[in-house]
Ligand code: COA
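Next up is one chain by itself, shown in structure tokens, the form predicted on its own.
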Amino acid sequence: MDEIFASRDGAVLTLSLNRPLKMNAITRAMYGELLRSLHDAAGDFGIRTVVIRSEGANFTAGNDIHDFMDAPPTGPESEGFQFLQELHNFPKPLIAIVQGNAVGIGTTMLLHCDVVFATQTARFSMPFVSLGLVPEAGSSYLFPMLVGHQRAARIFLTGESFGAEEAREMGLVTIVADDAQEQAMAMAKQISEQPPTAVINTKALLKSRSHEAVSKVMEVEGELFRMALQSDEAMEAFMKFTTRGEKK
């Protein structure tokens, strides 16, 4: 069964994380498939809107820890970093639907989406510091710009999670609803029926103020992230995390 399931309805492409028994934890192979799908969608004029969603009770537990530890990213060419770059540069509207846990990249990727829907079950967290790492996906720039320095610092430095209503109040989520899936797909269809060049140009204008700044921050984050992965404190934090998971 495909762990990234792609389906198309007219001009709307839906990419679904399809590993529910592992809380949709993302492997290198899954990043590679997401990257290829987004790259192809960017060049396909027939696709006007992309929806990112997941199967099961959770959006994603973030990186698959065992896969991540077996082959950590060593350079900007790694699948995970390339996927983040594709998200950042993707020219067409991105809509996300979140339920359950959205951990690490499960939250930071939303900062690159244009509209985010969530159910009441959604729970967001970015525990990079708790794992001996640093934020990624431009989140060290985008998140404080969205919520303010002090709130961002509290969440990043403690690793605390927050719920759907707080995410909406922050501006990370647009709509919280039990029928988030239906509402999101309806909006994706509505946007896909708008004049496509006007949509693409409008998205570019909306991002123009910070696009280059985010690109530069992502480069610095990536380098610090890769350095942190080689540190003793990160290895100790990862071992504690995996040991805790095995005891459950």
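The numbering used is simple: start at 1 and walk along the sequence shown. Predicted model only: the values in this text are computed from it and were never measured.
The following text describes the form predicted together with the ligand, which does not appear among the structures shown.
Colleague: Name the stretch: of 168 to 176, 86 to 94, 100 to 108, 154 to 162, exactly one has residues whose heavy atoms fall within 4.5 Å of the ligand in the predicted bound form.
Modeller: Correct option: 100 to 108.
Colleague: Does at least one non-hydrogen atom of residue 131 fall within 4.5 angstroms of the ligand in the predicted bound form?
Modeller: Flag for residue 131 set to yes.
Colleague: Heavy atoms within 4.5 Å of the ligand in the predicted bound form: does residue 23 have any?
Modeller: Yes - in the predicted bound form, heavy atoms of residue 23 and the ligand come within 4.5 Å of each other.
Colleague: Using a 4.5 Å heavy atom cut-off, state whether residue 220 contacts the ligand in the predicted bound form.
Modeller: Heavy-atom contact with the ligand at 4.5 Å: absent for residue 220.
Colleague: Please run the contact check for residue 191 against the ligand in the predicted bound form: heavy atoms, 4.5 angstroms, yes or no?
Modeller: Answer no; every heavy atom of residue 191 is more than 4.5 Å from the ligand in the predicted bound form.
Colleague: Could you check which residue among 200, 213, 65, 29 gets a heavy atom within 4.5 Å of the ligand in the predicted bound form?
Modeller: Looking at the other structure, the residue within range turns out to be 65.
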